[in-house]
Each structure stands twice: as structure tokens, then as C-alpha cells.
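Just the one chain here, the form predicted on its own, laid out as C-alpha cells.
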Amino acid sequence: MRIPILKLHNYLLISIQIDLDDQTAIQFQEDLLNKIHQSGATGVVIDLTSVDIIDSFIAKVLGDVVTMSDLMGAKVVLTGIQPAVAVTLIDLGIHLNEVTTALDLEQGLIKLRQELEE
């Protein structure tokens, strides 16, 4: 199953509404990088509100997506990180220190605009 990627001005918006398995995560990574390249997007908001748990592979892919997007010139904001997901990321040593986070999609868009205007 593919995760929809929406374009809004120079931003890409993604709301992950399904449980991520390894194949879906890899497909998402490829789709997002291709969409950044095709659209020239400067910002990406990934909403994780519906993601209750992640395993080590999905956590690594998520961290890789953030790094790869940055290398392609797109700033990433993660929104809606659930407590269990935050704990798992830290337990696995994936700190995402340089990644902007927000409580919800609306706040994520606001933070993205602020960061890109600086």
C-alpha cells in the first residue's frame, strides 16, 4: 500500500494513516524522495499521529528519510509523535536532534514556514 503525498505550494504533506511494514516504509522513502526531486519542494511535514508503535527498521527508515530529504534541500518537520514512538526512537538510539517536531499538522506547517523564512 502506498502512502499519499500531497503538494501544497512548495511543501509536501504526508499523513501516515496505516501501520508501517518494512515494504511500505521502503516504498514511502522512494516515493518521497522522487516527489521532492520532481516537485522541487523545500519543506516536508510528516504526520505520525496515527502511528502507535514502530520497530527498529521503521525507526531507521524514518531517520534516513529525514536525512535524505535534507540532502535534497527539503526541511522535514515531524508531527504527532506518540509517546510510545518517542520512547522507541530514543531506546533505539535514534535521537533526531536536528529534526523539528510539532504536536499536530497545523503547528508543523507554522514551524516549517518559520524555519524556511529565516
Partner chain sequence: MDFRTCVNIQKEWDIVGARQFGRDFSKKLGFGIVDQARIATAISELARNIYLYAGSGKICFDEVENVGSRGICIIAIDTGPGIKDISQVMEDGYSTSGGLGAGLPGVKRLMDEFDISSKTGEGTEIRVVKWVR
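Every value quoted in this text rests on a predicted model; they were computed, and no experiment measured them. Numbering follows the first chain given and starts at 1.
There is another form of the same protein, the form predicted in complex with the partner chain; it is not shown, and what comes next is about it.
The three residues D22, S56 and G93 all sit with a heavy atom within 4.5 Å of the partner chain in the predicted complex. Between the options S39, Q29, T67, T88, the residue in contact with the partner chain in the predicted complex by a heavy atom within 4.5 angstroms is T88. Residue contact check for L71: none of its heavy atoms lie within 4.5 Å of the partner chain in the predicted complex. In the predicted complex, K60 approaches the partner chain with a heavy atom inside 4.5 Å.
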